[in-house]
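One chain is shown next in C-alpha coordinates, namely the form predicted on its own.
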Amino acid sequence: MNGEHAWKPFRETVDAPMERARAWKEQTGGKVIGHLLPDVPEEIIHAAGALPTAVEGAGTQGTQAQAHIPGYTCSHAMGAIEQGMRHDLDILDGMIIPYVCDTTRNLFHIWNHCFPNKSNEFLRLPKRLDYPGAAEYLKAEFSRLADSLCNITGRPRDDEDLAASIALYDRSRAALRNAYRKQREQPAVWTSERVQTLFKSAAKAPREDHLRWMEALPWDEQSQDAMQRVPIYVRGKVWDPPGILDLFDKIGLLVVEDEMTTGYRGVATDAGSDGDPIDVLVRRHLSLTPYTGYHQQPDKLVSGFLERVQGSGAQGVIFLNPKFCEAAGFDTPDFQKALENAGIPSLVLESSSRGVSLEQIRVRVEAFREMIAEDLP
(Lines give C-alpha, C1' and ligand atoms only; values in the text may rest on other atoms or scores of the structure.)
Protein backbone atom coordinates (compact mmCIF):
# COMPACT_ATOMS: atom_id res chain seq x y z
CA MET A 1 0.00 0.00 0.00
CA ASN A 2 1.47 3.36 -0.99
CA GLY A 3 0.65 6.85 -2.21
CA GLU A 4 -3.00 7.84 -2.38
CA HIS A 5 -4.15 4.27 -1.83
CA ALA A 6 -2.69 4.33 1.68
CA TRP A 7 -5.22 6.98 2.72
CA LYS A 8 -8.21 4.97 1.49
CA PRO A 9 -9.15 3.03 4.68
CA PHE A 10 -9.15 6.23 6.74
CA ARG A 11 -11.48 8.00 4.32
CA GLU A 12 -13.78 4.97 4.07
CA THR A 13 -14.05 4.85 7.85
CA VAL A 14 -14.90 8.54 8.13
CA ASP A 15 -17.43 8.31 5.28
CA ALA A 16 -19.18 5.18 6.61
CA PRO A 17 -18.21 4.57 10.26
CA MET A 18 -21.20 2.39 11.08
CA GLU A 19 -20.48 0.13 8.12
CA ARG A 20 -16.98 -0.35 9.52
CA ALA A 21 -18.51 -1.12 12.93
CA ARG A 22 -20.98 -3.56 11.36
CA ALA A 23 -18.19 -5.44 9.60
CA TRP A 24 -16.25 -5.71 12.87
CA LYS A 25 -19.33 -6.94 14.71
CA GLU A 26 -20.07 -9.58 12.12
CA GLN A 27 -16.47 -10.76 12.19
CA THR A 28 -16.02 -10.86 15.98
CA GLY A 29 -19.51 -11.14 17.44
CA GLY A 30 -18.56 -8.35 19.84
CA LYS A 31 -20.55 -5.37 21.09
CA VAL A 32 -20.29 -1.90 19.57
CA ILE A 33 -20.45 0.97 22.05
CA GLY A 34 -20.90 4.53 20.84
CA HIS A 35 -19.68 7.57 22.72
CA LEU A 36 -20.45 11.22 22.26
CA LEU A 37 -17.05 12.82 22.96
CA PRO A 38 -15.19 14.28 24.71
CA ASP A 39 -13.07 12.54 27.34
CA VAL A 40 -14.76 9.15 27.30
CA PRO A 41 -11.93 6.68 28.10
CA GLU A 42 -12.02 4.43 25.04
CA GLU A 43 -9.52 2.11 26.69
CA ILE A 44 -12.18 0.99 29.17
CA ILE A 45 -14.58 0.13 26.35
CA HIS A 46 -11.84 -1.71 24.45
CA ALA A 47 -10.74 -3.68 27.52
CA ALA A 48 -14.33 -4.88 28.00
CA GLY A 49 -14.11 -6.50 24.56
CA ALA A 50 -16.27 -3.93 22.75
CA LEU A 51 -15.55 -1.60 19.84
CA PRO A 52 -15.62 2.07 20.84
CA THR A 53 -16.91 4.31 18.07
CA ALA A 54 -17.33 8.07 18.31
CA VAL A 55 -20.65 9.62 17.31
CA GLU A 56 -20.23 13.11 15.87
CA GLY A 57 -23.39 15.05 15.27
CA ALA A 58 -21.86 18.13 13.64
CA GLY A 59 -22.63 18.21 9.93
CA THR A 60 -25.78 16.09 10.21
CA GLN A 61 -28.82 17.72 8.63
CA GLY A 62 -32.44 16.86 9.34
CA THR A 63 -35.57 17.73 11.29
CA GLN A 64 -36.59 14.62 13.26
CA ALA A 65 -34.44 15.55 16.25
CA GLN A 66 -36.37 18.76 16.87
CA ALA A 67 -39.33 16.72 18.04
CA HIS A 68 -37.22 15.67 21.02
CA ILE A 69 -34.67 18.42 21.66
CA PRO A 70 -34.88 22.23 21.41
CA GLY A 71 -33.89 23.81 18.10
CA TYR A 72 -31.33 26.00 19.85
CA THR A 73 -29.23 22.95 20.75
CA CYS A 74 -25.67 22.74 19.38
CA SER A 75 -25.12 20.81 16.14
CA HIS A 76 -23.09 18.08 17.88
CA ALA A 77 -25.94 17.04 20.19
CA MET A 78 -28.73 17.75 17.71
CA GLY A 79 -27.00 15.76 14.98
CA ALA A 80 -26.45 12.76 17.24
CA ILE A 81 -30.17 12.54 18.01
CA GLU A 82 -30.94 12.96 14.31
CA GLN A 83 -28.65 10.06 13.40
CA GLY A 84 -30.36 7.89 15.99
CA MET A 85 -33.87 8.80 14.84
CA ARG A 86 -33.11 7.91 11.23
CA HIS A 87 -31.61 4.57 12.33
CA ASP A 88 -28.02 5.37 11.36
CA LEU A 89 -26.90 4.14 14.81
CA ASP A 90 -28.86 0.89 14.96
CA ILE A 91 -25.62 -1.12 15.01
CA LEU A 92 -24.77 0.31 18.43
CA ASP A 93 -25.39 -1.91 21.45
CA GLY A 94 -24.96 0.99 23.84
CA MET A 95 -24.07 4.65 24.11
CA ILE A 96 -21.93 6.63 26.56
CA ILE A 97 -22.76 10.30 26.98
CA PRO A 98 -20.29 12.31 29.10
CA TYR A 99 -21.41 15.09 31.38
CA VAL A 100 -19.47 18.10 30.11
CA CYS A 101 -22.28 20.67 29.89
CA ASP A 102 -25.98 21.16 30.58
CA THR A 103 -26.82 20.00 27.06
CA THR A 104 -25.14 16.61 27.47
CA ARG A 105 -26.75 16.18 30.89
CA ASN A 106 -30.20 16.67 29.40
CA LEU A 107 -29.29 14.74 26.27
CA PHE A 108 -28.72 11.55 28.24
CA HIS A 109 -32.30 11.55 29.54
CA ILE A 110 -33.64 12.29 26.05
CA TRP A 111 -31.45 9.51 24.65
CA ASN A 112 -32.77 6.99 27.16
CA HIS A 113 -36.31 7.98 26.29
CA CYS A 114 -35.74 7.71 22.53
CA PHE A 115 -33.61 4.54 22.60
CA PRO A 116 -34.68 2.58 25.69
CA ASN A 117 -33.54 -0.77 24.28
CA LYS A 118 -29.88 0.27 24.18
CA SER A 119 -27.44 -0.07 27.07
CA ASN A 120 -26.89 3.64 27.72
CA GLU A 121 -24.46 5.11 30.22
CA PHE A 122 -24.02 8.61 31.61
CA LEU A 123 -20.37 9.30 32.42
CA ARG A 124 -20.37 11.80 35.28
CA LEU A 125 -17.09 13.64 34.77
CA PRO A 126 -16.02 16.07 37.51
CA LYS A 127 -16.51 19.73 36.65
CA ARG A 128 -13.84 21.01 39.05
CA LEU A 129 -10.64 19.32 37.92
CA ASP A 130 -8.52 21.16 40.49
CA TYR A 131 -10.77 20.15 43.39
CA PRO A 132 -8.97 17.92 45.96
CA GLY A 133 -11.56 15.15 45.65
CA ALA A 134 -11.69 15.09 41.84
CA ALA A 135 -9.23 12.20 41.40
CA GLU A 136 -10.95 9.97 43.96
CA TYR A 137 -14.36 10.76 42.49
CA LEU A 138 -13.21 10.08 38.93
CA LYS A 139 -11.60 6.79 39.90
CA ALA A 140 -14.92 5.59 41.33
CA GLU A 141 -16.74 6.72 38.18
CA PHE A 142 -14.28 5.06 35.81
CA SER A 143 -14.47 1.86 37.89
CA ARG A 144 -18.27 1.94 37.76
CA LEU A 145 -18.13 2.39 33.99
CA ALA A 146 -15.72 -0.53 33.64
CA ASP A 147 -18.03 -2.82 35.63
CA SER A 148 -21.07 -1.72 33.63
CA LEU A 149 -19.37 -2.33 30.28
CA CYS A 150 -18.19 -5.77 31.33
CA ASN A 151 -21.77 -6.60 32.31
CA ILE A 152 -22.87 -5.55 28.82
CA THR A 153 -20.21 -7.62 27.03
CA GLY A 154 -20.15 -10.55 29.44
CA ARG A 155 -16.38 -10.33 29.72
CA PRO A 156 -14.82 -10.47 33.22
CA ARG A 157 -13.11 -7.28 34.28
CA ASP A 158 -9.34 -7.72 34.18
CA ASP A 159 -6.65 -5.16 35.01
CA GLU A 160 -4.25 -6.83 32.59
CA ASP A 161 -6.72 -6.37 29.75
CA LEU A 162 -7.10 -2.70 30.65
CA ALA A 163 -3.33 -2.21 30.86
CA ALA A 164 -2.95 -3.77 27.40
CA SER A 165 -5.67 -1.49 26.01
CA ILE A 166 -3.96 1.57 27.51
CA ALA A 167 -0.65 0.54 25.91
CA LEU A 168 -2.40 0.13 22.53
CA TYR A 169 -4.00 3.56 22.73
CA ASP A 170 -0.72 5.16 23.82
CA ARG A 171 0.92 3.73 20.69
CA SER A 172 -1.93 5.12 18.63
CA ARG A 173 -1.62 8.55 20.25
CA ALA A 174 2.12 8.57 19.50
CA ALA A 175 1.47 7.77 15.83
CA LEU A 176 -1.14 10.53 15.58
CA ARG A 177 1.21 13.03 17.21
CA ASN A 178 3.79 12.07 14.59
CA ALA A 179 1.24 12.79 11.86
CA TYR A 180 0.54 16.17 13.44
CA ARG A 181 4.28 16.91 13.39
CA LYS A 182 4.44 15.94 9.71
CA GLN A 183 1.66 18.44 9.08
CA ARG A 184 4.02 21.19 10.25
CA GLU A 185 6.97 19.89 8.24
CA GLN A 186 5.22 18.94 5.00
CA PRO A 187 1.86 20.77 4.91
CA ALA A 188 1.50 20.30 1.16
CA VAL A 189 1.41 16.51 1.65
CA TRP A 190 0.20 16.19 5.24
CA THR A 191 -2.59 18.73 4.94
CA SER A 192 -4.76 19.67 7.90
CA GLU A 193 -7.70 17.97 6.20
CA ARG A 194 -5.74 14.75 5.71
CA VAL A 195 -4.41 14.68 9.26
CA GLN A 196 -7.89 15.32 10.64
CA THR A 197 -9.10 12.32 8.64
CA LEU A 198 -6.55 10.24 10.57
CA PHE A 199 -7.79 11.62 13.89
CA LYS A 200 -11.49 11.15 13.12
CA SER A 201 -11.06 7.62 11.80
CA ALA A 202 -9.02 6.64 14.87
CA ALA A 203 -12.09 7.18 17.02
CA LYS A 204 -14.29 5.07 14.72
CA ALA A 205 -12.17 2.11 13.58
CA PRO A 206 -10.74 -0.83 15.53
CA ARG A 207 -7.62 0.76 16.95
CA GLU A 208 -5.42 -2.22 16.06
CA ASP A 209 -6.43 -1.89 12.40
CA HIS A 210 -5.95 1.86 12.49
CA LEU A 211 -2.38 1.51 13.75
CA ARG A 212 -1.62 -0.98 10.99
CA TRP A 213 -3.02 1.40 8.37
CA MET A 214 -0.90 4.22 9.75
CA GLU A 215 2.26 2.14 9.41
CA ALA A 216 1.55 1.87 5.67
CA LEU A 217 1.31 5.63 5.13
CA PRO A 218 3.97 7.34 2.95
CA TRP A 219 5.79 8.88 5.92
CA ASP A 220 8.84 9.85 3.85
CA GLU A 221 6.93 11.50 1.01
CA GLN A 222 8.29 14.97 0.22
CA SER A 223 6.80 17.84 -1.74
CA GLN A 224 7.79 21.41 -2.55
CA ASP A 225 5.34 23.90 -1.11
CA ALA A 226 5.28 27.27 -2.81
CA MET A 227 2.41 28.65 -0.69
CA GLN A 228 3.25 30.77 2.33
CA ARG A 229 1.57 29.07 5.28
CA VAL A 230 0.55 31.23 8.23
CA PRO A 231 0.69 29.35 11.57
CA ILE A 232 -2.46 29.52 13.69
CA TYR A 233 -3.73 28.08 16.96
CA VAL A 234 -7.37 26.91 17.13
CA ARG A 235 -9.56 26.62 20.22
CA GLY A 236 -12.98 25.00 20.02
CA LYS A 237 -14.88 21.74 20.41
CA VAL A 238 -15.40 20.01 17.07
CA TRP A 239 -14.40 20.89 13.52
CA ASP A 240 -17.62 22.45 12.34
CA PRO A 241 -18.83 23.26 9.74
CA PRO A 242 -17.47 20.37 7.65
CA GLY A 243 -14.88 21.64 5.23
CA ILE A 244 -13.35 24.20 7.59
CA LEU A 245 -9.94 22.51 7.57
CA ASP A 246 -9.92 22.16 3.80
CA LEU A 247 -10.62 25.90 3.70
CA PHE A 248 -7.63 26.56 5.97
CA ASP A 249 -5.43 24.45 3.68
CA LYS A 250 -6.54 26.22 0.51
CA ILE A 251 -6.02 29.76 1.78
CA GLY A 252 -2.68 29.01 3.43
CA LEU A 253 -3.38 28.67 7.15
CA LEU A 254 -1.37 26.03 9.03
CA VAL A 255 -2.88 24.69 12.25
CA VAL A 256 0.20 24.21 14.45
CA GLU A 257 -1.81 23.29 17.54
CA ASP A 258 -5.46 23.00 18.55
CA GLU A 259 -7.71 22.18 21.48
CA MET A 260 -10.38 20.31 19.55
CA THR A 261 -11.98 17.14 20.83
CA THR A 262 -11.09 15.35 17.61
CA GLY A 263 -7.75 17.13 17.31
CA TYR A 264 -4.42 17.45 19.05
CA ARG A 265 -5.91 17.79 22.54
CA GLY A 266 -6.96 14.14 22.51
CA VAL A 267 -3.48 12.78 21.75
CA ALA A 268 -1.17 15.32 23.39
CA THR A 269 -0.89 13.29 26.60
CA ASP A 270 -0.20 9.57 27.01
CA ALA A 271 -1.59 7.54 29.88
CA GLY A 272 1.56 5.54 30.68
CA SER A 273 1.82 2.33 32.65
CA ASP A 274 2.84 3.40 36.15
CA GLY A 275 0.40 1.91 38.65
CA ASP A 276 -3.19 0.73 38.71
CA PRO A 277 -4.72 1.09 35.20
CA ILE A 278 -7.72 3.07 36.44
CA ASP A 279 -5.41 5.44 38.33
CA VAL A 280 -3.39 5.85 35.12
CA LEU A 281 -6.49 6.90 33.19
CA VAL A 282 -7.54 9.28 35.98
CA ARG A 283 -4.16 11.00 35.95
CA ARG A 284 -4.31 11.37 32.19
CA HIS A 285 -7.79 12.89 32.33
CA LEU A 286 -6.75 15.44 34.94
CA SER A 287 -3.69 16.41 32.89
CA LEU A 288 -5.63 17.17 29.69
CA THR A 289 -6.05 20.70 28.39
CA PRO A 290 -9.16 22.00 30.22
CA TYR A 291 -12.25 21.47 28.10
CA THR A 292 -14.86 24.21 27.72
CA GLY A 293 -17.31 23.67 30.55
CA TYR A 294 -14.77 22.38 33.06
CA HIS A 295 -14.18 24.81 35.92
CA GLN A 296 -10.76 26.13 36.86
CA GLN A 297 -9.38 29.23 38.54
CA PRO A 298 -9.83 32.01 35.91
CA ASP A 299 -6.26 33.33 36.15
CA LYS A 300 -4.84 29.82 35.86
CA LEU A 301 -7.12 29.05 32.92
CA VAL A 302 -6.09 32.20 31.03
CA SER A 303 -2.37 31.94 31.78
CA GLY A 304 -2.31 28.28 30.72
CA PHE A 305 -4.04 29.11 27.45
CA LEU A 306 -1.65 31.97 26.69
CA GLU A 307 1.37 29.77 27.42
CA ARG A 308 0.11 27.11 25.01
CA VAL A 309 -0.48 29.65 22.25
CA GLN A 310 2.93 31.28 22.68
CA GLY A 311 4.65 27.91 22.85
CA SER A 312 3.04 26.80 19.59
CA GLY A 313 4.59 29.58 17.54
CA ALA A 314 1.19 30.58 16.16
CA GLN A 315 0.86 33.95 14.47
CA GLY A 316 -2.82 34.21 15.40
CA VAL A 317 -5.67 32.39 17.15
CA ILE A 318 -9.04 31.31 15.77
CA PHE A 319 -11.87 30.49 18.18
CA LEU A 320 -14.37 28.04 16.67
CA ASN A 321 -17.26 28.60 19.07
CA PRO A 322 -20.24 26.33 18.31
CA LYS A 323 -23.51 28.12 17.71
CA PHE A 324 -25.91 27.79 20.69
CA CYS A 325 -23.06 26.81 23.03
CA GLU A 326 -22.97 29.26 25.94
CA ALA A 327 -20.10 27.46 27.64
CA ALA A 328 -17.82 28.08 24.66
CA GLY A 329 -18.34 31.80 24.98
CA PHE A 330 -17.80 32.13 28.73
CA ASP A 331 -13.99 32.21 28.63
CA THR A 332 -13.46 33.69 25.17
CA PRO A 333 -13.43 37.40 26.23
CA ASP A 334 -10.78 36.71 28.89
CA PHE A 335 -8.70 34.73 26.39
CA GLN A 336 -8.99 37.46 23.78
CA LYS A 337 -7.95 40.15 26.27
CA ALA A 338 -4.85 38.14 27.25
CA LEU A 339 -3.99 37.65 23.57
CA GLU A 340 -4.45 41.34 22.87
CA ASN A 341 -2.13 42.25 25.73
CA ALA A 342 0.44 39.81 24.32
CA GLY A 343 0.10 41.27 20.82
CA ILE A 344 -1.46 38.12 19.31
CA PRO A 345 -4.42 38.70 16.93
CA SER A 346 -7.52 36.53 17.27
CA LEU A 347 -10.73 35.83 15.39
CA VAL A 348 -13.97 34.46 16.87
CA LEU A 349 -16.13 32.39 14.53
CA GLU A 350 -19.59 31.19 15.54
CA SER A 351 -19.43 27.85 13.79
CA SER A 352 -22.25 25.52 12.87
CA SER A 353 -23.36 23.36 9.98
CA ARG A 354 -26.86 24.79 10.56
CA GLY A 355 -27.33 28.37 9.38
CA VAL A 356 -23.66 29.25 8.98
CA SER A 357 -22.27 29.26 5.45
CA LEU A 358 -18.73 28.12 4.80
CA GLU A 359 -18.46 30.92 2.24
CA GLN A 360 -19.33 33.47 4.92
CA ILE A 361 -16.57 32.02 7.07
CA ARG A 362 -14.18 32.08 4.12
CA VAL A 363 -14.47 35.88 3.76
CA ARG A 364 -13.63 36.49 7.41
CA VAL A 365 -10.85 33.92 7.56
CA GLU A 366 -9.19 35.23 4.39
CA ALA A 367 -9.21 38.76 5.83
CA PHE A 368 -7.73 37.45 9.09
CA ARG A 369 -4.99 35.63 7.20
CA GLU A 370 -4.06 38.74 5.25
CA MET A 371 -3.83 40.72 8.48
CA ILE A 372 -1.58 38.31 10.39
CA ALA A 373 0.53 37.46 7.33
CA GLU A 374 1.70 41.08 7.17
CA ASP A 375 3.87 40.46 10.21
CA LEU A 376 5.65 37.48 8.64
CA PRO A 377 9.09 37.84 7.05
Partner chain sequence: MQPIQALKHLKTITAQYFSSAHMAKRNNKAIVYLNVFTPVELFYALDMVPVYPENHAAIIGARKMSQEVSPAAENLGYSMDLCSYPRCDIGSFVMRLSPTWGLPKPDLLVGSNGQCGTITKWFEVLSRMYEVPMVLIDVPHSGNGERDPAAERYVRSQLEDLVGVAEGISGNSLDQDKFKETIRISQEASRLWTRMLELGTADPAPMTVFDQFVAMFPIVSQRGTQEAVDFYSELVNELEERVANKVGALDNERYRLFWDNLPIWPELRPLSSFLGERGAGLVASIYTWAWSRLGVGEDDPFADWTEQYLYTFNFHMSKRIDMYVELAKRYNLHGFLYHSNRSCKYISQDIPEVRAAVTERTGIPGVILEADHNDPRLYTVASLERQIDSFLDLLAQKR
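Residue numbers count along the first chain shown, from 1. What you see is a predicted model; the values in this text were computed from it and never measured.
Missing here is the form predicted in complex with its partner chain; even so, the following discussion is about that form.
> Is it the case in the predicted complex that 190, 233 and 243 each bring at least one heavy atom within 4.5 Å of its partner chain?
No.
> Just one of 204 to 212, 113 to 121, 251 to 259, 172 to 180 has residues with a heavy atom within 4.5 Å of its partner chain in the predicted complex, so point it out.
In short, 113 to 121.
> Please pick, from 228, 287, 148, 296, the one residue with any non-hydrogen atom lying within 4.5 angstroms of its partner chain in the predicted complex.
The residue in contact is 296.
> Can you pick out, from 126, 94, 98, 266, the residue that has a heavy atom within 4.5 Å of its partner chain in the predicted complex?
Checked against the cut-off, the match is 126.
> Quick one: is residue 219 in contact with its partner chain in the predicted complex, heavy atoms, 4.5 Å cut-off?
Residue 219 lies outside the contact set for its partner chain.
> Answer with yes or no whether residue 333 is in contact with its partner chain in the predicted complex, where contact means some heavy atom within 4.5 Å.
The answer is yes: residue 333 has a heavy atom within 4.5 Å of its partner chain.
> Can you work out whether residue 342 and its partner chain are in contact in the predicted complex, taking contact to mean some heavy atom pair no more than 4.5 Å apart?
No, residue 342 sits far enough from its partner chain in the predicted complex that none of its heavy atoms falls within 4.5 Å.
> Might residue 73 be said to contact its partner chain in the predicted complex, defining contact as any heavy atom within 4.5 Å?
Yes, residue 73 sits close enough to its partner chain in the predicted complex that at least one of its heavy atoms falls within 4.5 Å.
> For the stretch 309 to 345, which residues lie within 4.5 Å of its partner chain in the predicted complex by non-hydrogen atom distance?
The stretch 309 to 345, when checked against its partner chain in the predicted complex, contributes 323, 324, 325, 326, 327, 329, 330, 331, 333, 334 at the 4.5 Å heavy-atom cut-off.
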